[in-house]
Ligand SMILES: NC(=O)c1ccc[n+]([C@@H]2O[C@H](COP(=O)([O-])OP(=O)(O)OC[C@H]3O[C@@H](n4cnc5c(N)ncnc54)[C@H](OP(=O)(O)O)[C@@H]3O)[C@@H](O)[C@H]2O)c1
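Single chain ahead, by itself, as structure tokens, in the form predicted on its own.
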């Protein structure tokens, strides 16, 4: 049966695969036939993700990608073990709700390190000729609607996501000659562990306000994994440099 969204015979690397959207993407990519490399800091939770996946040949890498100097060896070992990559989902990242007055340089560096620098340095290494499928590949950065619209006390997070959206366009141009597509996904508020303790999720009044801003309600992790499968698959072969907003109508108004 013809299925342009199939990931059969594709090898996909997913960061932040130990929980939330990253975990769901790993599970769903495996269901679509992909062989998956899962990267995260917590080995126990990585194994939990692996137990939920279908198929064989998946690889687990327990590593903090903010240890930038280790990235070349990480990629080298992955490619040696599993072969060249067909796609990458940069799901790893951090989020918080804090007023700017509480931020110092160290805190900003923490946000940019986790949300931007790790993803960019990993992309730089992966996009070297020997590490990528000779027919090309798909790189997907995880941005956010916070990189497009303003929300109080989300400045550091928003800055990192805006950087990824801008970087996506430039990298799409730079890597097009290698047939590497580069896109980003911008989710609205998704019910995940990363934001479960945020005020806007915990406090009933604030949660109701956020739910009301999303015309279709808050999102599920599968809403984002489905969008990622599209961007990784041959169905999106003519799509690059785009920021795919998946937000239940949040940015419509």
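The structure presented is a predicted model; accordingly, all values stated were derived computationally and were not measured. Numbering follows the first chain given and starts at 1.
The same protein also exists as the form predicted in complex with this ligand; that form is not shown, yet it is the one meant from here on.
A.B. asks: Since the chain is shown here on its own, which stretch among 174 to 182, 85 to 93, 125 to 133, 98 to 106 would lie within 4.5 Å of this ligand in the predicted complex, judged by heavy atoms?
C.D. replies: Contact criterion met by 85 to 93 only.
A.B. asks: So, residue 209 and this ligand: in the predicted complex, are they within 4.5 Å at any heavy atom pair?
C.D. replies: Residue 209: no contact with this ligand in the predicted complex.
A.B. asks: So in the predicted complex, does residue 33 come within 4.5 Å of this ligand, heavy atom to heavy atom?
C.D. replies: Because no heavy atom of residue 33 falls inside 4.5 Å of this ligand in the predicted complex, the answer is no.
A.B. asks: Would you please decide whether residue 138 lies within 4.5 angstroms of this ligand in the predicted complex, comparing each non-hydrogen atom pair?
C.D. replies: No - in the predicted complex, heavy atoms of residue 138 and this ligand never come within 4.5 Å of each other.
A.B. asks: Can you tell me if residue 193 lies within 4.5 angstroms of this ligand in the predicted complex, counting non-hydrogen atoms only?
C.D. replies: Although this ligand is absent here, residue 193 would touch it in the predicted complex, with heavy atoms inside 4.5 Å.
A.B. asks: Would all three of 119, 225 and 230 be in contact with this ligand in the predicted complex, where contact means some heavy atom lies within 4.5 Å?
C.D. replies: No, the whole trio is out of contact, none within 4.5 Å by any heavy atom.
A.B. asks: Within 16 to 30, which residues have a heavy atom closer than or equal to 4.5 Å from this ligand in the predicted complex?
C.D. replies: Heavy-atom contacts to this ligand in the predicted complex: 16, 17, 18, 19, 20, 21, 22.
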